[in-house]
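Below you'll find only one chain, the form predicted on its own, shown as structure tokens.
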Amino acid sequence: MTPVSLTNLHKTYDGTTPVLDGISLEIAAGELFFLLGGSGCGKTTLLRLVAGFLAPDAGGISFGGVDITKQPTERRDIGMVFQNYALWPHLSVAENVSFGLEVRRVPSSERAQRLEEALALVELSGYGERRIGELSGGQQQRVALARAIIVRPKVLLLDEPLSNLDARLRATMRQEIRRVCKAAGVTAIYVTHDQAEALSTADRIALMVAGRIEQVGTPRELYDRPRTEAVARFLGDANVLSVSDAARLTPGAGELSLGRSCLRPERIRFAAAATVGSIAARIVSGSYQGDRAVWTVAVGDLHLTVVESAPPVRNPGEAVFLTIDPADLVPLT
């Protein structure tokens, strides 16, 4: 397994506007590492630098301690899974998957063994003779993954690999990709804009904003302890509170932070009745979503988002009481 090091990477397309502005990351061997962010944040450009499709204006890239910054793509020993799969429809599943081995002149006997192993790994044993057009979207994605894994790359790069699948299939394929990457023992860098994809699949995440790394950590670290408002708002819903608002919601708790704080909507609880420390509020509006409801509640002139599991019927204007643990307010820089 191969660690990846990115050091102070800079990139512009017009010579003036930075697309990447000093990116440094250490990705551990065998890690499933996500680059997460909105459109234009630089995540795809960063992946293309790692792949060798683009050259950085400054900075370095190394695989396993070896500088590969100036190496061409074909010498970097990478595998790639693209958004559109990039499969050849005129070839069979077996021919698509084993193509990289043919290019590398792997002996036919070894090719057959590795093909069998790769198809088994993605749970497509017996599909070798099928044409791509005979497969579902999820099966095509598995073929693309098998094709990337079969060459035993040092680093696997995945560029929005699930964006063409429907929501239900995406949820299934997230865990399949994680299972395959871990079974193959490969270091993987995965680009996505989908927060659920990143939170449910990654070992660690780098959240990117405007060409910079906003925060790096495990999914739980980024969600539970965001450092900035940008991280708090990108990963799920967030109530961002001023010092005075936080003090109103947690009377008697003292000074909670020197600036704004984040309060996740699911951390706010409804109380059955007024209790010590509870806060009087009223329902403004709500969105029923089956297993949960997302409410807008008002505490005086302050509006909060509250997520409630197994929600009862609540009506606009209804008086309610809220409880908030001061420990759930996370200071933001």
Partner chain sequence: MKRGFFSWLGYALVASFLGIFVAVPVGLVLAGGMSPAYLSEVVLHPLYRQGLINAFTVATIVTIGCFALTLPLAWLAWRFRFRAKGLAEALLLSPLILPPFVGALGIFQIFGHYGIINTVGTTCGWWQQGPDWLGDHRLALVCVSEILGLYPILYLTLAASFSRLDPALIEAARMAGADRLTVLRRIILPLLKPGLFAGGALVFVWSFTELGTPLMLGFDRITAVQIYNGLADIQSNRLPLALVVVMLTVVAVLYAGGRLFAGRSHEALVTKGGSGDGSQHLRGWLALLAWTPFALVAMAAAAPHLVVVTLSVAHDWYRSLLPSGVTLDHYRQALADPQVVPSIINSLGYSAAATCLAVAVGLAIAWITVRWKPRGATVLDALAMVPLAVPGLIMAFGFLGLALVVTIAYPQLKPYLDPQRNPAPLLIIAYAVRRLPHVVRAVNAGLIQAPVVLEEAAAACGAGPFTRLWRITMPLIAGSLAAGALLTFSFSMLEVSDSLILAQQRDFWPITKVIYELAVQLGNGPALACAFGAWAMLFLASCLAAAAVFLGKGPTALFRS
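Numbering follows the first chain given and starts at 1. In this text, all values refer to a predicted model and were calculated from it rather than measured experimentally. Take the two forms, superpose them, and find the largest set of C-alpha atoms that agree within 1.5 Å; that set is the rigid core.
This next part talks about the form predicted together with the partner chain, which is not shown.
Residues within 4.5 angstroms of the partner chain in the predicted complex, judged by any non-hydrogen atom, belong to 45-53 and to none of the other stretches in 300-308, 45-53, 266-274, 27-35. Distance criterion of 4.5 Å from any heavy atom to the partner chain in the predicted complex singles out Met80 from the list Met80, Ala230, Leu115, Leu165. Think of it this way: in the predicted complex, the partner chain has a heavy atom of just one of Ser242, Thr218, Asn84, Ser136 within 4.5 Å, and the residue is Asn84. None of the heavy atoms of Arg142 is located within 4.5 Å of the partner chain in the predicted complex. The closest non-hydrogen atom of Val103 lies within 4.5 Å of the partner chain in the predicted complex. Contact annotation for His90: at least one heavy atom lies within 4.5 Å of the partner chain in the predicted complex. Within this chain, Tyr223 is remote from the site of the partner chain in the predicted complex, having no heavy atom within 4.5 Å. If you check the partner chain in the predicted complex, you find no heavy atom from any of Lys154, Thr172 and Arg178 within 4.5 Å.
The two forms, fitted on the rigid core, differ between this form and the one not shown by less than 2 Å at the CA of Arg152. A movement of the C-alpha atom of Gly133 reaching 2 angstroms or beyond is seen between this form and the one not shown when the two forms are aligned on their rigid core.
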